[in-house]
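Here you get one chain, nothing else, as structure tokens; it is the form predicted alone.
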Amino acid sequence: MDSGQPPTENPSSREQQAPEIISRDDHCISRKRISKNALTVIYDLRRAGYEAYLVGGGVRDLLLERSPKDFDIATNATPEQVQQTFRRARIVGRRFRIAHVRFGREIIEVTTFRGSHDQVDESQRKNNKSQTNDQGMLVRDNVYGSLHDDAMRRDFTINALYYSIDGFSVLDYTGGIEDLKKRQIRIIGEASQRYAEDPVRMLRAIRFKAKFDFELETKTAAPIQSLGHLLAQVAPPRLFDEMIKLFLTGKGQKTFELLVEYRLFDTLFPSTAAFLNTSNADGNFDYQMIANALANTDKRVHNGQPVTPAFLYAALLWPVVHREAENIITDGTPRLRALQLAGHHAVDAQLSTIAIPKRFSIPMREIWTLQQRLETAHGKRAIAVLKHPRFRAAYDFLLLREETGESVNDRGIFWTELQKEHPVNREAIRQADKKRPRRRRKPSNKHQGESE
């Protein structure tokens, strides 16, 4: 049970270095560009007697004169104390307990200053405040400390900057300001240990490199290629969320190239990686198809057009589906059925690494199986295909295959012209599809208790 008192400061913290303080005249952050709700949380926590700072990506992006998507707060108040201060707050997470303060649709994430696990006593470990697995990955991370401790526990120096409402200054304990000027990503602490504590930090390093066009500092980059296997420890649902950040935010193609370069793609998509000839990427169809799919996705993101993980995962797993379908066909199975079986196997194999919700895996399979109809349908059957709810995605997928160099007998031109001759109201089809009742399938005894 929480004592109701702010976490005590580690004795060694009092003697640790003071931060570099960047005054208001020497940085570009203005309160006008900070979420009013985030400022409300800071001021209310301060009035309640706690420390509170804007921290992390919000500070980094403001200093880079970008518009932050999120505003996070760091405080010495425990999650329970934050909840007592804000009626609208709720505590989330087990491995890493934080408070979410909701303001309508906006959620302000409030984290308690993290402490060093080197100073954890046995009673804290028994109380599940600190736990690591055999590989050094943190499975419980609820050790609290001082502001300095918190800065040293963050992942990269550019994410360990604190904006204070006292004089509107920026506090820098780790040299993050200098790294922003150098345009480099540098991990705090010993790289191998920090990646072992949380392997997702390797993905974050790649994402920031692609997003900001920064360089990875030498010691930060050095262990990544040899530690990619640690990603297999990360929960599949968490990796799905990370893939969204990596591939669907406008820098997907560059991110893919970096994941392959640093050999992280091997662990994330092991079945697909087996088909990627990275020594000759320009001449490798599978590599180029994925790169082209992500380039098209990046264009849609930059143009404000909708994107869906279903299409992207269809491209990421197509090398596996395409090869297995061809193997199944040699046994005499019709192509449509072969695509169905291959798609089912490809998705099932991928789920052990990255969770793919059914709302995406089902459209993926439809995109794959529709390829057979797009390759063969004529006349009235072709016109009927135009009305399929997934036609547009499957058509775009066919064009992607054709663009990359796969032989589809110029069917892209056929379907482009047919749509001009027979325009279809796709919005009406979407609305009808939403109203269509879904049949509930009774699970067999064999699969009861299993989840996809």
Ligand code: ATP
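Sequential numbering from 1, following the sequence displayed. Nothing here was measured: the structure is a model prediction, and the numbers come from that model.
Below, we turn to the form predicted together with this ligand, even though it does not appear here.
S.K.: When this ligand is placed as it is in the model of the complex, which of 50-58, 381-389, 34-42, 399-407 ends up with heavy atoms within 4.5 Å of it?
M.R.: Within 4.5 Å of the partner lies stretch 50-58.
S.K.: In the model of the complex, does R207 come within 4.5 Å of this ligand, counting heavy atoms only?
M.R.: R207 belongs to the contact set for this ligand.
S.K.: Though only this chain appears here, would D179 touch this ligand in the model of the complex if you measure heavy atom gaps against 4.5 Å?
M.R.: No.
S.K.: Classify R153 as contacting or not contacting this ligand in the model of the complex by the rule of any non-hydrogen atom within 4.5 angstroms, answering yes or no.
M.R.: R153: yes, in contact with this ligand in the model of the complex.
S.K.: Classify N159 as contacting or not contacting this ligand in the model of the complex by the rule of any non-hydrogen atom within 4.5 angstroms, answering yes or no.
M.R.: Because a heavy atom of N159 falls inside 4.5 Å of this ligand in the model of the complex, the answer is yes.
S.K.: With this ligand left out of view, which of R335, R201, H322, K254 would have a heavy atom within 4.5 Å of it in the model of the complex?
M.R.: Exactly one residue meets the criterion: R201.
S.K.: If you check E80, E375, D72, E217 against this ligand in the model of the complex, which one has a heavy atom within 4.5 Å?
M.R.: Of the candidates E80, E375, D72, E217, D72 is the one lying within 4.5 Å of this ligand in the model of the complex.
S.K.: Let me know which residues along 231-268 have a heavy atom within 4.5 Å of this ligand in the model of the complex, or say none if there are none.
M.R.: Result: R238, K245.
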